[in-house]
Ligand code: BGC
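Quick setup: one chain, the form predicted alone, written in structure tokens, and binding and motion questions come after.
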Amino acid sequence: MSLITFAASPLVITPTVRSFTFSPPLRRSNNTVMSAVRSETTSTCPVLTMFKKDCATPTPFLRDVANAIADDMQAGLAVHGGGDLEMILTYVDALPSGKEEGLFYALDLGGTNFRVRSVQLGGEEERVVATKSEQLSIPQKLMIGTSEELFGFIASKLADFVAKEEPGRFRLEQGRKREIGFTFSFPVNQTSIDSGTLIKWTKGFNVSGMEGKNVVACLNEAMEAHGLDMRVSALVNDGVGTLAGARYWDKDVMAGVILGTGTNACYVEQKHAIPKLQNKSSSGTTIINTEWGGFSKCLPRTIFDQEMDKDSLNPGEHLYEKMISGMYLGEIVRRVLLHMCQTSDLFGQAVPAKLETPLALKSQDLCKMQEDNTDDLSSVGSILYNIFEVKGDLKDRRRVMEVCDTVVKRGGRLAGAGIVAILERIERETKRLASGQRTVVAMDGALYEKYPQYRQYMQDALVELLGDELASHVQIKHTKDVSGLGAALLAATNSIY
């Protein structure tokens, strides 16, 4: 694991309300792009100037965003549907202590692949004695088939995985069923630690007859049908798994954040501070799954964000996610570059046809361009040619770099504001930072891991909003791929034995 401690920097917080100017869209026919002739070259680019202005996230504005997220968190804790953030009860009331022993499993289903893991736990002295994992692809036809077909396939692969276990390394106590932590990264209405009904499929899945069904029951039935003596003891998402897996090694972990293709965050909340728990036990703590991607208030949305949202699979939803996660950063840049081509001298006189292709530019392409430190920005030129078949001159490449930096800076700083909202929520109940106690955020996701510029902008925002003193007690831990371990550990802490 890598550990990042925030360095302090000067801080000024003056809450204000900021308004935004949206550039009007320019609609062009796709059929006439290649023959389009643009206006004469100008020394400046009004589209880029306006876009940078509309994307600006000064400290006072970020404070407003953090406060708005905090307000939505409180509203979501008060009543179901109270705000943009769903603030889902996970029923994870016991986190790993390090004393867990025995053989447990994890199954991670969240996309076109699923991963199976076995973990032999040896208590406080030995911790993780042995672990083995396997990643398998889900055939496309099963992603749009029936629930029996999908879970039957998963159960059959689980059975194959268990059959290949090495008896010397993995030992199941006699008389026990195998217990599994099921990471199911689709929207679920969770009703207990080991049950939850599917709200809707996402990520290209559309399995029939599943909405409103208990996903754990579907898996348990499939495992039984395949003669597999195994049961689901914990249903979690990847954020909760990341928090639990990191907490196993570090007791100061209080939040888990995913910043990858998508994004989400969860944190440890005091039960007495959750009004919607009503008559349930109000002592101790539980993990709250914020589903923060759905936040939508006071965001610096430009016309490019609006049009991308309109063309997306879920228009009007997950607006925060569409500004900070890896799936969308490249697409925003592409749309800005296309508009610049249509209204200025970017890339010469004709609009490149491939620049019209949605989702052609990925976040990893932006990262590679921003890492180009050559005098002539040759890497930027190569990437533009490979993707769009354009030969931009040095001025073009610099403009492209400006667009990339503007989008990534906005995304990283908005993500930082979200983390601050969670840290301040934790602080309100615990006073950890004010008392000098270390507070750790477990972080996973390829965007955070592989994009240093994004990471730096996020860290800058955290320090600006928290101030030097409080920020000095915050640590971000990159905890790559611990969600599987976390799911297995939660199966252990919620074991029926």
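Heads up: residue numbers just count along the shown sequence, starting at 1. Whichever C-alpha set is largest while still superposing within 1.5 Å between the two forms counts as the rigid core. Computed from a predicted structure; not experimentally measured.
This protein has a second form, the form predicted together with the ligand, left out of what is shown; the following refers to that one.
Contact here is defined as any heavy atom lying within 4.5 Å of the ligand in the predicted complex, and by that definition each of N237, E291 and H318 is a contact residue.
Interface residue among N220, S185, T285, S344 relative to the ligand in the predicted complex, by the heavy atom within 4.5 Å criterion: S185.
K203 is the sole member of K362, K203, K157, K297 with a non-hydrogen atom within 4.5 Å of the ligand in the predicted complex. Taking the partner from elsewhere, S233 is found to have every heavy atom lying beyond 4.5 Å of the ligand in the predicted complex. Mapping the unseen interface onto this chain, T263 counts among the residues with a heavy atom inside 4.5 Å of the ligand in the predicted complex. Contact annotation: I258 falls within 4.5 Å of the ligand in the predicted complex, judged by heavy atom distances.
Heavy atoms within 4.5 Å of the ligand in the predicted complex are found in exactly one of 345-353, 318-326, 96-104, 373-381, that being 318-326.
After superposing the rigid core, the Cα of S378 is displaced by less than 2 Å between the shown form and the other one. Relative to the superposed rigid core, the position of the CA of G110 differs between the shown form and the other one by 2 Å or more.
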